[in-house]
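Below you'll find only one chain, the form predicted on its own, shown as structure tokens.
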Amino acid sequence: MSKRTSRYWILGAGIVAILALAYACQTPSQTVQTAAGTADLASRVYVPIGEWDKYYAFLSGGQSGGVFVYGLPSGRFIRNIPVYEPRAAYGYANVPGTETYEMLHASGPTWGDTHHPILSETGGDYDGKWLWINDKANSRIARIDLSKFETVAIAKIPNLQATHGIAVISPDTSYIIANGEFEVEVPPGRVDEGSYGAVMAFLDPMSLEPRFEVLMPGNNDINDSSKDGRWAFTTIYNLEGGLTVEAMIQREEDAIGAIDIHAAEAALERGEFTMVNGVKLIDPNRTTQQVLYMIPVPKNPHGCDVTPDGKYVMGTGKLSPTVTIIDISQIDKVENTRDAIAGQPDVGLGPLHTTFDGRGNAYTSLFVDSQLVKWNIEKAIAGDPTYIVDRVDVHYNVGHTQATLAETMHPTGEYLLALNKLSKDQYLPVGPTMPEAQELIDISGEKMTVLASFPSEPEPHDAVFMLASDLAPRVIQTEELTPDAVAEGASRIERVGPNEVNVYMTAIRSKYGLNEVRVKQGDKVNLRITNVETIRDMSHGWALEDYGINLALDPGQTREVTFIADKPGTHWYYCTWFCSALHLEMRGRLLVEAADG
């Protein structure tokens, strides 16, 4: 060994020794403390096997076209509720002739871009009945029945494009409001940039039909409502009417638009509206009583959030490091709406959304800083320099953020979810596109603590939460048999015409009510099948080889499908849900006799 090599070897050995000594010096206090801290975080999100999470978390699925359901604090993935795309696993909208297939296809394309899930309210609190979700790409809205976690209605909203922000009108879900973010010709149907405007629709919560719409300036982004049922709010950007990015950020100020719902309803009574595609459209510039108030905020605002006590609505800056706090009680009382602004605290770079803990604190997501900042509302209004309470880093570029029950009048202030736009190195690599990252943060104390991270498919935008104790008792375990259900022992085949057959069949563990169905080539087959199980979680399926039919049947549920038996020969049908030890034996055959005999 040369002297030089010897020196390098000694130097390398020395560095290793120093590192080892440093690690040894860290033991036992610092090393044990780090391990103990990690174990403490894990224990705070751990939910033992067989026990339930405290919260249901409903996350928009973005381009996945549905709603993701997680349990919190564990981060367990529970369900992907299909809305705007077919899902064979749940028998949703994937087979022509079924109810869900017809519902989805009648409304538009079989994909969607969901952004903002909202829950029904009674008395300002979630009642566990319904969840609504938008489709920005195709100007639709859907209603989900939370007793079954199933989509039951989808509607396309007339006279607008890009249904983006949606919100419940508190406290009793009197309307669902939906923003049309993009400009449209009014009335639509021709190319006329001079008649551009945006539209906010006020929808019937059940039928999803517009009760009326309001013509709006600029591009409408995120919305919310006051807690007394009077005001609908939206952030408005691009008052310039620009087409390019450069043109859309010329002005120093845009606005929060505040629609006086009572004044709008009075305008309807006076007939101050125009019928456009069968919808009553109010132009705020042509009403006797003022309907729309514009409160100036720094340019290109994004988030729009009302405090749980209903005192303030906040516009989040995006291009400004500020949050604008607007005193709702002053909007229609001041001569200049700028005087309704109660404060404009600086919170950090790239503020997008603000949520609340019910204890007087606000939490704002900072996209550029990749942080959550906690700040005290009244201190910020008073100009107290100590209004910033805490900051935590998140990974990375957080968009929406939501605290537990923060959109109700009674937040629990226990957890906050950061919905991050990038995950980078958080998870195992799966190609150029990585999973989205959600981080759970404990906000129950003075300081925030990042507890855990969990991934999802692309791309959640927003989330809402319900206490499991409020929702779980409302979720049905088995369907009630309907009058048209096929009773046990009543499976049969009835020929109702020279080329039409009705098939009635039951499904129960390990067998169908019919092991064989014989028809003629070209017959129209109307199948009605009932899962006659009476206990929960005993689902069955009915998949027919070569015909593209896959039905999912919950306990007590009846499904119907119609198809043409145009393929002669033997075609097996079988159960797709593993239901018993004899699951593979649960099958039957469709015999299609050739037309030529």
Partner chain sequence: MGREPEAGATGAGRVGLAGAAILLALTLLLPLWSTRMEAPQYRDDEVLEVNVYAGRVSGDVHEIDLLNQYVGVHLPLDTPELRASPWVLGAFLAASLVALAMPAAVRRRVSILLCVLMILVLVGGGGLLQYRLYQMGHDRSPTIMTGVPDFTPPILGSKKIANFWAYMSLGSGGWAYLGAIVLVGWSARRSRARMVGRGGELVSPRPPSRVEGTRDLACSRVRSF
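Just so it is clear, the model here is predicted, and its values are computed rather than measured. Positions refer to the first chain, counted from 1.
The protein also exists as the form predicted in complex with the partner chain; that form is not presented, and the subsequent description refers to it.
- Residue contact with the partner chain in the predicted bound form: Ser510 places a heavy atom within 4.5 Å of it.
- Put simply, Glu488 is close to the partner chain in the predicted bound form: some heavy atom of it is within 4.5 Å.
- None of the heavy atoms of Ala39 is located within 4.5 Å of the partner chain in the predicted bound form.
- Proximity of Gln477 to the partner chain in the predicted bound form falls within the 4.5 Å heavy atom cutoff.
- In plain terms, the part of the chain that comes close to the partner chain in the predicted bound form, with a heavy atom within 4.5 Å, is 501-509 out of 400-408, 374-382, 501-509, 87-95.
- Taking a 4.5 Å heavy atom cutoff to the partner chain in the predicted bound form, the contacting residues in 551-589 are Ser580, Ala581, Leu582.
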